[in-house]
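Below sits a lone chain in structure tokens, taken as the form predicted alone.
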């Protein structure tokens, strides 16, 4: 296997892991104003993701870092052509991170409401725009020898918005199931009931996305040339259907793992369809950025492969340990302890 192919697969894997992990804490930030009926319930919701949200975002840095180091030409063009939406995502993530830290620093309703809004917008905007960005990458950007011929509004086309809606619903469903795992009593029941309702909207968005993808993109060409690849979207459909059965059976932990599989397989369905393109051109395929014409040198890729082989297992081990330490549901008693360090 050529190193470019290996790193294209790792690029897709890092994005899939990021969406799987940060997806539920972005979703909790969006859902908190709606399913948290009291200040204590809102604190419980925030603390279900408090110990892990920043660790989850390490995978965003890893995905961005791999794009920069393994495919520097793609990174340069992407941050030039998509400067405005990427900057909006960055500002939203900064506001969200600050809201976690500042919300509980002053005992004032208006202060908390201000940071609740920052948490909501800082979670909603990235969840939606990541989907819009990948939807536009799937269908190709209008670029040629003269550069990029689009704007921020160009990205808000029907297919991009549908992809954004799909990502948003995936993250909301993921978050509702996560809350049902990490809480007890009425909050747990409310989250499970919400997950059951959101699932139907997610199914509708997923079906619409699969159909429109056939007309708006060229992703299915790779699947038609290698039918075995259909196993990946088939796994996504099975995991999505299994998620509904597990939610109805009140098996929240299993439903959460099923949701994880759904997000990873949905992401890889897009990555397989893209190969070897990282950013295809919708105007002329000659100007598409691929894993081969935008990669770093073979020497750089060899060094990166060695570094990843050493450090990625360490990061995974640390994160698994964190999830094991904080595996228990968050309760009012936990937040009443002044030494707990809760938000």
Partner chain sequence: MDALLLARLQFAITAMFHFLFVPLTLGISIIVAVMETLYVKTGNVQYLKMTKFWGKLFLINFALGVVTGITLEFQFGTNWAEYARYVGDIFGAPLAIEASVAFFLESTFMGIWIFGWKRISKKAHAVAVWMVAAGTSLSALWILTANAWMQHPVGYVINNGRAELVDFAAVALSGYAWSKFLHTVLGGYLVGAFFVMGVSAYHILKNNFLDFFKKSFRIAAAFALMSCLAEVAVGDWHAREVARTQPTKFAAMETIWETRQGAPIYIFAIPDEATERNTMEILPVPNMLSILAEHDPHATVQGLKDFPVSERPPVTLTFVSFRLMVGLTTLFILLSVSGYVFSRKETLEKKTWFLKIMVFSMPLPYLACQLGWLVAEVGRQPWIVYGLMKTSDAVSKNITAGQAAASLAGFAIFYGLLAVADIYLLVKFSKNGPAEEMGHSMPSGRTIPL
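Because the structure is predicted, anything quoted here is derived from the model rather than measured. Numbering follows the first chain given and starts at 1.
Just so it is clear, the following notes concern the form predicted in complex with its partner chain, a form of the same protein that is not shown.
Exercise for review: Can you check 241-249, 269-277, 194-202, 101-109 and let me know which stretch has heavy atoms within 4.5 Å of its partner chain in the predicted complex?
Suggested key: Within 4.5 Å of the partner lies stretch 101-109.
Check your understanding: Is its partner chain close enough to 155, 162 and 170 in the predicted complex that each of the three has a heavy atom within 4.5 Å of it?
Key -> No, none of 155, 162 and 170 comes within 4.5 Å of its partner chain in the predicted complex.
Review point. So, in the predicted complex, is residue 334 in contact with its partner chain at a 4.5 angstroms heavy atom limit?
Key: Residue 334: yes, in contact with its partner chain in the predicted complex.
Point to revise | in the predicted complex, residue 72 touching its partner chain (heavy atom, 4.5 Å) | key: Answer yes; at least one heavy atom of residue 72 falls within 4.5 Å of its partner chain in the predicted complex.
Review point. Is residue 77 close enough to touch its partner chain in the predicted complex, meaning at least one heavy atom pair within 4.5 Å?
Key: Yes, contact at 4.5 Å.
Review point. Does its partner chain get within 4.5 angstroms of any non-hydrogen atom of residue 303 in the predicted complex?
Key: Residue 303: contacts its partner chain in the predicted complex.
Exercise for review: Go through 37-53 residue by residue and record those having a heavy atom within 4.5 Å of its partner chain in the predicted complex; state none if no residue qualifies.
Suggested key: In sequence order, 47, 50, 51 come within 4.5 Å of the partner.
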